[in-house]
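Starting off, we have a lone chain in the form predicted alone, written out as structure tokens.
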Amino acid sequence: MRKERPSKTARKVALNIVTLGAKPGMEEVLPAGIVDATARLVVASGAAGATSVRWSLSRKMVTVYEAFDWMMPGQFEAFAHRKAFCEHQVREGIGAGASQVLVLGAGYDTIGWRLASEFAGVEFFEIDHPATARLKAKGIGAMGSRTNLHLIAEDLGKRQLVDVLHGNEAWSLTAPTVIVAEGLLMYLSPEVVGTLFDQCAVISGAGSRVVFTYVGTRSDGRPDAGPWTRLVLWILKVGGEPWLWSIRPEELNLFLKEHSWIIAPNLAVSASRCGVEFFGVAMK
């Protein structure tokens, strides 16, 4: 990401979620309240104007997204399934005893804001690059802050996750935790991804889980973005937010074990994917 600017990808994903709200059938997939909350947030934060949001909520924009879906087949609807998967895992983790939730690279995601009022006994934390986090904080402030929602503006490329959370009085290093890394890992270097999982193990207690999405690796070693991989990767690179990390699903279990995690027992590694991404859950 170009460090001085808010993430364009975060804005794109948020507007994609808003448009999915106008697609028939997606109300059965998307988490309750996510479309309205996302629309409010991007306007209140200044990430997008009210006119852009109104246009995004139209059926015409659904047609536009579907017309461009050839580039990354299935990815338009995949965002809805991705949000649903992550929220299900967060709720399941809380039900299993997690007392804190950490969203990494949160962008304009609203899971913390929406669930903080529902789960008053759980502390929600979000960390994102300051350029994006500042806009997010402005929007959350306008929508109504939650006392158990903590927005942290930090560049994890410059500060270690352990250091960021160690100085936070609300964070517990021993509590069961749900950590969400949705649509994030592909933008990090292999070294950073490994270190991130190492640090997630250090800052969380027994019974914690990491909910994440990732892209597979092609035979030529490139991240697999579908049939138009070369074009997609070039567009991402030119846009300043290139994909840097990927892994083959069959290699994931070994990778996680090397970083103090295991694949969740009830989630066998599958060769199927949603859009261009795979979904994963690591348990401690």
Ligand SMILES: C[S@@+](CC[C@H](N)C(=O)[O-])C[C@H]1O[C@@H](n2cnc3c(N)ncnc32)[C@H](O)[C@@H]1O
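Please read these numbers as outputs of a predicted model, since none were measured by experiment. Position 1 is the first residue in the sequence shown; the rest follow in order.
Not pictured, yet referred to below: the form predicted together with this ligand.
**Q** I need to confirm a contact call. Of 156, 211, 78, 200, which residue comes within 4.5 Å of this ligand in the predicted complex, counting heavy atoms only?
**A** The residue in contact is 156.
**Q** Could you tell me which one of 184, 164, 140, 90 places a heavy atom within 4.5 Å of this ligand in the predicted complex?
**A** Residue within 4.5 Å of the partner: 184.
**Q** 10, 13 and 105: each with a heavy atom within 4.5 Å of this ligand in the predicted complex?
**A** Contact check passed for all of 10, 13 and 105.
**Q** Which of these stretches, 142 to 150, 129 to 137, 70 to 78, 115 to 123, has heavy atoms within 4.5 Å of this ligand in the predicted complex?
**A** Selected stretch: 129 to 137.
**Q** Check whether residue 188 has any heavy atom within 4.5 Å of a heavy atom of this ligand in the predicted complex, and answer yes or no.
**A** Output for residue 188 is yes: heavy atoms within 4.5 Å of this ligand.
**Q** Note that this ligand is not shown here; using its position in the predicted complex, name the residues of 75 to 97 with a heavy atom within 4.5 Å of it, in sequence order.
**A** 82, 83 sit within 4.5 Å of the partner.
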